[in-house]
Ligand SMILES: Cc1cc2nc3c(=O)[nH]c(=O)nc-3n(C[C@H](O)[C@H](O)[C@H](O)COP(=O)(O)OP(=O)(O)OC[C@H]3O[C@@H](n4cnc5c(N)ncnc54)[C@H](O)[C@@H]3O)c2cc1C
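Starting off, we have a lone chain in the form predicted alone, written out as structure tokens.
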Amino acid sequence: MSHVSFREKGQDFEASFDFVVVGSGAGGAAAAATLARAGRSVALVEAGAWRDPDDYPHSAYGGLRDLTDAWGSQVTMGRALWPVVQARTVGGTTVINSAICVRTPSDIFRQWEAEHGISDLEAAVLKKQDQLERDLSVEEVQPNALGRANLLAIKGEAALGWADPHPMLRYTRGCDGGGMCLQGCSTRKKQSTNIVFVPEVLRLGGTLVTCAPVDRVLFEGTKAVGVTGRFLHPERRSKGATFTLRATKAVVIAASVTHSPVILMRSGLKLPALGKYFRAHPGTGVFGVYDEPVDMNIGATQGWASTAFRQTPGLKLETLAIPPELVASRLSGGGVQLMERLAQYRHITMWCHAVRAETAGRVTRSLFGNPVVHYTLDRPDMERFRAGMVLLARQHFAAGARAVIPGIAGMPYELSPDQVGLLDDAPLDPQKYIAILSHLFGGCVMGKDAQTSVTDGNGRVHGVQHLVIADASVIPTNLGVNPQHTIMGLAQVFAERLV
């Protein structure tokens, strides 16, 4: 058991292992656990710091500072500057997501086979997902953890007669509805990878290297033999010593949809599809205003969701409780007017949509070597985006809201029930909306054709040896559901096939 963290200049670190796994989020930690269980020596390398749950911040500001990549400042380069949400800490984005577990839909495997020539994953991934649900204590959200915001969403869904057979399942063990998912669960109820898989890797003799952003993969000819980079201080952001981690069996990259392709670019790989076919779930929220207090931060951050509209028009709907400082950033106005609007905080709750967008973007690297995401929703996806807002507004009113706050530039601040039809003609310009990109896909997509993909169906990079990608960057299509279960299932299948 070993944990190596920041080292000052002059204290270079070198070591050799069977496998080096870059990234400790859903993909990396799941892959590392599989390799360690097989008795292999594993180094798990994480760009961020180890944050003990006792030290998780209570505020959104602290979460951005301590747990996200570059304070959450990365935005899309395109028509609208929409934030790209990712973590940078041991456990990756599993630390700051809402722990929603959705099995990979069967139609996705059929799509991968028809469009990308990948034909032998379904049975293996679903078997791994069975085990993952046991390992990560997957449970349905219990009534005591729902809170009024989620109960109102259930009421609205029932009133509208939406047919959705899928209950909300989450990677939690006895969630008590503390409402702190976005800042990290300090009670350890959320079974993020830093709670389950990373400690298991350490118990099995693995090594965790933190504050260690990987610069590039090392090659001998066409064979990957390790990684190298410089330690980075988690507070000062100053560079420290060099680290070199050699892999005798394989290097597994699971550094995220934005970072994995850029690591390969910095390593000199020039694959035709590298960085291409970036996709995401762009989404936004609609606030409902209720006469009685809702107190959305009491209860599970996300305790209700619907996949009833996954195919048509291509949406996932869900509750999302955000803290007061983030609510203030979404309400228009300033000064006294903003404070008056924020005074409604206890009476409002936000429900959001995630668009199963077909728009494809790309990931490149800047002059400084950092990821740059180029992405602008096309008109069909903006029509889906608008349709999602209409559904959310109707759901709020069906649940008893007296008004909704759509947050669309150029439209009224509030809409009453008899004004909901105005949303049907809401603008289709992405700049008019406050939105984010979550659930990222692509950049190192898998496929049979090396001209249109980066890896094969086992995550192995075309044209090189001993280099595997094991995160959401291999996913070649938009899933339309939360991707963590798919990422972990794929990563464990890839790792098992390596062994």
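This is a predicted model, so every value here is computed, not measured. Start at 1 with the first residue shown and count on from there.
Keep in mind that the form predicted in complex with the named molecule is not shown, yet the notes after this line are about it.
Just one stretch in 33 to 41, 58 to 66, 443 to 451, 470 to 478 has heavy atoms within 4.5 Å of the named molecule in the predicted bound form, so which one is it?
Selected stretch: 470 to 478.
If we define contact as a non-hydrogen atom of the residue within 4.5 angstroms of the partner, is residue 92 a contact of the named molecule in the predicted bound form?
Residue 92: yes, in contact with the named molecule in the predicted bound form.
Quick one: does residue 127 come within 4.5 Å of the named molecule in the predicted bound form, counting heavy atoms only?
No, no contact at 4.5 Å.
Would residue 461 show up as a contact with the named molecule in the predicted bound form if we use heavy atoms at 4.5 Å?
Result no; residue 461 lies far from the named molecule in the predicted bound form.
With the cut-off set at 4.5 Å between non-hydrogen atoms, does residue 98 touch the named molecule in the predicted bound form?
Yes - in the predicted bound form, heavy atoms of residue 98 and the named molecule come within 4.5 Å of each other.
Heavy atom within 4.5 Å of the named molecule in the predicted bound form: which of 305, 212, 355, 252 fits that? Just give me the one.
Only one listed residue qualifies here, and that residue is 212.
For the stretch 21 to 44, return the residues whose heavy atoms include at least one within 4.5 Å of the named molecule in the predicted bound form, in the order they occur.
Contacts from 21 to 44: 22, 23, 24, 25, 26, 27, 28.
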